[in-house]
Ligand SMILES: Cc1cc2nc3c(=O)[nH]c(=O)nc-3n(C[C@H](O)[C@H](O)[C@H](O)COP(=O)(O)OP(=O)(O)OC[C@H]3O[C@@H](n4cnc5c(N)ncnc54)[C@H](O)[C@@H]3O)c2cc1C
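Okay, so here's just one chain, in structure tokens, the form predicted alone.
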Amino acid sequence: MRDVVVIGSGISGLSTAFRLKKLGYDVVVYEKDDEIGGNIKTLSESGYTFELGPQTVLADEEVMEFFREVGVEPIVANPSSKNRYIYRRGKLIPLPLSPISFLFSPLLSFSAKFKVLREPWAPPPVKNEESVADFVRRRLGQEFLDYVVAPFISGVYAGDPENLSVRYATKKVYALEQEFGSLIKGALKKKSLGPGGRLISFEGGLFTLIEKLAEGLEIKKENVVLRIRRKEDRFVLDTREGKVDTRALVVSSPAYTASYLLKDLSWSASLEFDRIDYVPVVVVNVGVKKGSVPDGFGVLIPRKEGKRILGIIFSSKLFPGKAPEGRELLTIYLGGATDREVIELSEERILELVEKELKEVLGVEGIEFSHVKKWKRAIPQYILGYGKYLDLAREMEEVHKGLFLTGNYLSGISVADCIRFSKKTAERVAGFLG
């Protein structure tokens, strides 16, 4: 009999297991693959160190405190990372960082800026739940949607703002309207509109955090959980190595895997979780000659500009040691909700496409190193009506005492979201176990 079994060794599962282990519980983690970390993967090849999944963590004080508990030292990104660009009409235009720079920026037309300035007097919503696109059109205008918000949504969710729910996909923005009736008024009151924190990574990349979390944990890799059943005051798991009994069970797998695992507990819930959409994303890391890109975090490319690249991160500008001497590392994203077909292209065709558009967007001549990673199910989409999945998760936990569901389809999709949610999950497990 174990105190806690955690299924899944991504950031959500490992963070929760780490916290429970620290509280003194007997914890074991089951991972079906031969590698831990979920979509956090760091590789080193030909002098380049690059990420295949998340690139950075935007860490607030709570997340920084967690890193101290784990015993891992973060590296803060170069101050120039605050510089971000939008590609429009063949040019990289800096994203305005102040009201004055916004007024004089060539990013938006005069009429679009006037619409933004009138945001405090925008009409109230006419629907109970709005898409991100409808919300932005109502408060800030179509051009602001096309050239600021839509690229941002592509960069974070690889999503389509016409389908994502403002209430669930952009909670802080939604909350500003609810509390203050205006984004501008709310931002002035809170002195911020965007997320706060420091942009960080680690020596050796984000996988360093995964390795450190795993050090003191019992992890059974390549050990699939085949079935979960409830038996009186415990859960019985059929695994590749045999049966395991546990008092508490944390399922931190993606929704499509949780769907399979939960089928014996609730067939209807299993079917619902399987409907959660995970969009495909292609991540291409390339090496180019030094001096090919300006200082900054990267560039987002609006779909209006007719490119297939969603965005480019200037990875070697952010942290030291990402590229060999005289070279720079760029990380390029393609696919998402608005270009699902790109995942079916061959690696050769993807690299041809990337090389062509890099030349058009950045003027980069030639790629000296490349690595292509395809994620067929990359990022869960918090679409309109997504609240039903959150409600379903709570109902499952209420009916099946001792079951706890977690993961980026419930907590928020960022690494920082998953870390913060792991604290709540661990506290609920500890409260149940006593």
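Numbering starts at 1 and runs along the sequence shown. These figures come from a predicted structure and were not determined experimentally.
What comes next is about the form predicted in complex with this ligand, which does not appear here.
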query: Stretch in contact in the predicted bound form with this ligand, which is absent here, among 257 to 265, 115 to 123, 178 to 186, 146 to 154 (heavy atoms within 4.5 Å); finding: 257 to 265
query: Contacting member of Thr246, Ser165, Asn223, Thr208, with respect to this ligand in the predicted bound form [4.5 Å, heavy atom]; finding: Asn223
query: Interface residue in the predicted bound form among Val281, Ile309, Val299, Val132, criterion: non-hydrogen atom within 4.5 angstroms of this ligand; finding: Val281
query: 4.5 Å heavy atom contact with this ligand in the predicted bound form for all of Thr49, Lys359 and Val364; finding: no
query: Partner contact for Tyr333 in the predicted bound form: this ligand, 4.5 angstroms, heavy atom; finding: yes
query: Partner proximity in the predicted bound form: Ile7 to this ligand, non-hydrogen atom cutoff 4.5 Å; finding: yes
query: This ligand contact at Ser253 in the predicted bound form, heavy atom, 4.5 Å; finding: yes
query: Partner contact for Glu62 in the predicted bound form: this ligand, 4.5 angstroms, heavy atom; finding: no
query: In the predicted bound form: members of 119 to 158 within 4.5 Å of this ligand, any heavy atom; finding: none
